[in-house]
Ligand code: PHE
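Just one chain follows, in the form predicted on its own, and it is written as structure tokens.
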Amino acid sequence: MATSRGQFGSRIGFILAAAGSAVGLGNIWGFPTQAASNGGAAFVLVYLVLAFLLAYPVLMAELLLGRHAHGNTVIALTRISDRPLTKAIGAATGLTGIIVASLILSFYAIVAGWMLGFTVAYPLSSLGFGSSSTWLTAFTVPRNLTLMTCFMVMTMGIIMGGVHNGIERWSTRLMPALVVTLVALALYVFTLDGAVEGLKVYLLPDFSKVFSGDLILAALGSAFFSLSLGVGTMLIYGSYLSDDEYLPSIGAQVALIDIGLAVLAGFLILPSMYVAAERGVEIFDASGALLSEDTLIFSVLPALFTSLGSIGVIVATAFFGLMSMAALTSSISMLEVPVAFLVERFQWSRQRAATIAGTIIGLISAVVIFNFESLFGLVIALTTRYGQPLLGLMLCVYAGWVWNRNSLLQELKKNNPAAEKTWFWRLWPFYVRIVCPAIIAIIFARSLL
């Protein structure tokens, strides 16, 4: 069944695609500023621990459910259910995940469009096309609609290529380019005055905050959301995996790459902020806290790039190109969630499903753009603060409580006959049944407060 649906052609192709799904804009701009505001290296250490206590087990739940079903989220959750009630709830959960993933992409495409605009604006400005550059960076409805549409067309084009020729091919191109760009930018920033101060903020731990409730809860949220968990993106990617792959190890590699890139982004973002401060750019708000992520990306860093003179054009283009690549690797996984459902439920061609799903999501984005002040923050809150944790909780319930334990073990035994003797089998079922739901419930309760 997996082959007829499409399948990743190699382990490295899957790892880069899954890591690309997880490595999004939040990893690059959100994680470093959260770390700086919550004890620096103390936050990083707590995050690393919680990532493997929470994020990895939930990631494995999605991968195992997807590979077992070789189908979309609705198929996966109903196939492991043996009672009408759990089948109905599973189908409703799967459909909700599809809706939430689509809504996340609707606002994500708007922000990603801004990244594309800034990427092109700097070279245009240097070539003398100042008015075009200004249009690309000014917050207007026509600009937002145009750039969002361009980004959605790019995402749809990749999805139309299929699993191997679309998702895998572009992930294996974009992810190495992303890493090289991130490292090169960080190394350049290290040479500028003020970078060392940013490194100190990032690397020197404030252990007085290690047991702070705010730090632990912030790290919990970062660990959960950093791997794009809850909406079925990893479940869908897992459904395209060969039965020959040993999931516990491949899942660990995905988690390590995602976490590693989030930490690596800190070596770029925090030094850049303090380099900007060295050059007279304000990086703190009235309360003394670091400025929020959107202000950082669209105000602080552009001011820094301008202060660098001619080299600033190259650095700015590379930085916003980096952000665009991170956005694209995430968006293709989000669009794949509804596309996989449409292909399997209605037997549509991939091209038709991608066109219809992408167009509908683009229209939702347009509605948000025309009602930006009232809808943008609302859609983000409904999906990431409420929808994602609740869906993650349901996935844990189905993987830990609904899925027959023997059937789960047989899934692991496909490529490891001694699976029941491994540490993964001894620990993971307990974590996904008890620990992960409890932690996700805490995250959700915090979001309500």
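Only a predicted model underlies this, so the values are computations on that prediction, with no experimental measurement involved. When you see a residue number, it is the position in the sequence shown, counting from 1.
Below, we turn to the form predicted in complex with the ligand, even though it does not appear here.
Listed stretches are 270-278, 180-188, 104-112, 345-353; the contact stretch with the ligand in the model of the complex is 104-112, by a heavy atom cutoff of 4.5 Å. For Leu16, no non-hydrogen atom is located within 4.5 Å of the ligand in the model of the complex, even though that partner is not displayed. Residue contact check for Ile440: none of its heavy atoms lie within 4.5 Å of the ligand in the model of the complex. The closest heavy atom approach of Val339 to the ligand in the model of the complex falls outside 4.5 Å. Using a 4.5 angstroms limit between non-hydrogen atoms, Ala22 touches the ligand in the model of the complex.
Residue in contact with the ligand in the model of the complex (any heavy atom within 4.5 Å), chosen from Thr155, Ser333, Asn72, Ser365: Ser333.
Checked against the ligand in the model of the complex, the residues Phe225, Phe305, Tyr202, Phe320 give one hit for a heavy atom within 4.5 Å, which is Phe225.
Using a 4.5 Å cut-off on any heavy atom, the one residue of 384-411 that reaches the ligand in the model of the complex is Gln388.
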